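So this first bit is one chain, no partners, the form predicted on its own, shown in structure tokens.
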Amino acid sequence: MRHTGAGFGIMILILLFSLTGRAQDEKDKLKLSGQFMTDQRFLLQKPNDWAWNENRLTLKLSKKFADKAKFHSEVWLRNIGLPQYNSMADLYNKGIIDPYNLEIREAYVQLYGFLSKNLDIKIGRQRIAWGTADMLNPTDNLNPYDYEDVLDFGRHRGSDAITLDYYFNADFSLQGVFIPFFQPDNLPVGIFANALIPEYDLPPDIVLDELTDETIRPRYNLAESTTAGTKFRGFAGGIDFSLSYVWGRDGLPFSIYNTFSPNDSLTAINIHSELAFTREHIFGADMATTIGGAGLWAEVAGFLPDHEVIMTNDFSPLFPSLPPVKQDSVVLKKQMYVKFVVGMDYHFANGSYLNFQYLHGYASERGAENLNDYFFITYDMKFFEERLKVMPVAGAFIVSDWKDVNNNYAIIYAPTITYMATDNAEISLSAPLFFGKGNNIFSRLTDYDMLMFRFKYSF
């Protein structure tokens, strides 16, 4: 179970204050909203194993204190995953036979006119979303990525932070963010578990028997674990734009030292890997506008590692009678690499909708030579007073190597039908299909074509 003691304590205190304080106007009363969602998936390939089970209750509490302050929280209470019991002892543990967790996504207080009438401050766990693109945002790097479900693009977790917003006028503002504790990205679960795990290139006659690792965690102090950022926003000539900078750490660790040791078998080896999180500077810019009824956006981010990342392979345990045998290689150069996205959307007169985006460099990719190209497209049509939405075109085409596309590509095709049973109840049925070759994240999912059923009820 994931929890945040400080954030939970703030939420309880504010809630008690709001319930016991003096009567407020109707607009300032405590407001409760949320959603229930069930997400069920099974594989289309026999024997049609169950691929995903999630039942999520989202609860949102918000309250305004006149025009001086606001409290907001969002909590996920979930039953997620499939029972993984392996012994009679496991049957005594409800956490195993009925897995669940509680996650505080946000819990913060915002004060308006703090020290100055143009300055607002926000304190607590918060989602600080940057960028103008649709879910795929190279500049959105303050909060850790949540890769739990690789099909939920752009999901992040909240961070315990202090945010300051200064408004020069209605069109221009400056934001500063301070995050005291480093939080790594969390990896995919279930059938997606190995999507982000790098593959080791071993000689054909050598078998990897056991892989262990040790993560070097940054010390929890101002120098090691702090993340800070600033962003200037503006609106001019019909264009929303911003310039940003982040001083932080890559949320996914690099392998910096691998020790190869022999196994009992002459053809099998063990590998122990040491992993570390790299400091980086991120410079960003984005814009969004509308031309002829079409929405247009662009976003770019330059990533500059704080230092060169070198990986050492130590083969000495394999050859104990020889001098130390080590091999160094550069896995990330100390030079800037750039990720960017451009996109557009358009609502047609007949009610249909088109969305297209081109992305260079997925969130988990690092280094100029490792950035792939992604083309995302969706097209949907609505019927019966917009209660039925049919999405015959939905997916992505991904290229890892333009010199050999036939062996380095991935295709995601996910046609979807959505029906609004009531104004609050939404039912959707989708069939994500995967095709591809090579070592791309999504080409590894070619054996996981699935049928996905979702039901959402908002209140």
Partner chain sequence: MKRIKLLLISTVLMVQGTMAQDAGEILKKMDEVLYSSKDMMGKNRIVLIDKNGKEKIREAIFKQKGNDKRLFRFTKPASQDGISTLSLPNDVMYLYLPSFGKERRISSGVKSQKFAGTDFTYEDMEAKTFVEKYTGTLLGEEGDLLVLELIPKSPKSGYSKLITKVNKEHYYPVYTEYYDKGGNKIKIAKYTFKKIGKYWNSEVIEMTDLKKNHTTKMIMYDVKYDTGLNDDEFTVRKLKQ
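Numbering follows the first chain given and starts at 1. Small disclaimer: the values here were computed from a predicted structure and weren't measured.
Same protein, other form: the form predicted together with its partner chain, not shown, and the subject of what follows.
- Three-residue candidate spot R41, L275 and H360; no residue lies within 4.5 angstroms of its partner chain in the model of the complex by any non-hydrogen atom.
- For its partner chain in the model of the complex, the listed stretch (109 to 117, 89 to 97, 185 to 193, 217 to 225) containing residues with heavy atoms inside 4.5 Å is 109 to 117.
- At a distance threshold of 4.5 angstroms between non-hydrogen atoms, K334 is out of contact with its partner chain in the model of the complex.
- Its partner chain is not drawn, but in the model of the complex it has a heavy atom within 4.5 Å of F348.
- With a 4.5 Å cutoff on heavy atoms, W76 does not count as touching its partner chain in the model of the complex; it lies far away.
- At least one heavy atom of T290 is located within 4.5 Å of its partner chain in the model of the complex.
- For the options W247, Y257, F232, Y167, the one in contact with its partner chain in the model of the complex, meaning a heavy atom within 4.5 Å, is Y167.
- The contact with its partner chain in the model of the complex, taken as any heavy atom within 4.5 Å, belongs to D134 out of D209, D373, E148, D134.
- Contacts to its partner chain in the model of the complex (heavy atom within 4.5 Å) from stretch 388 to 409: none.
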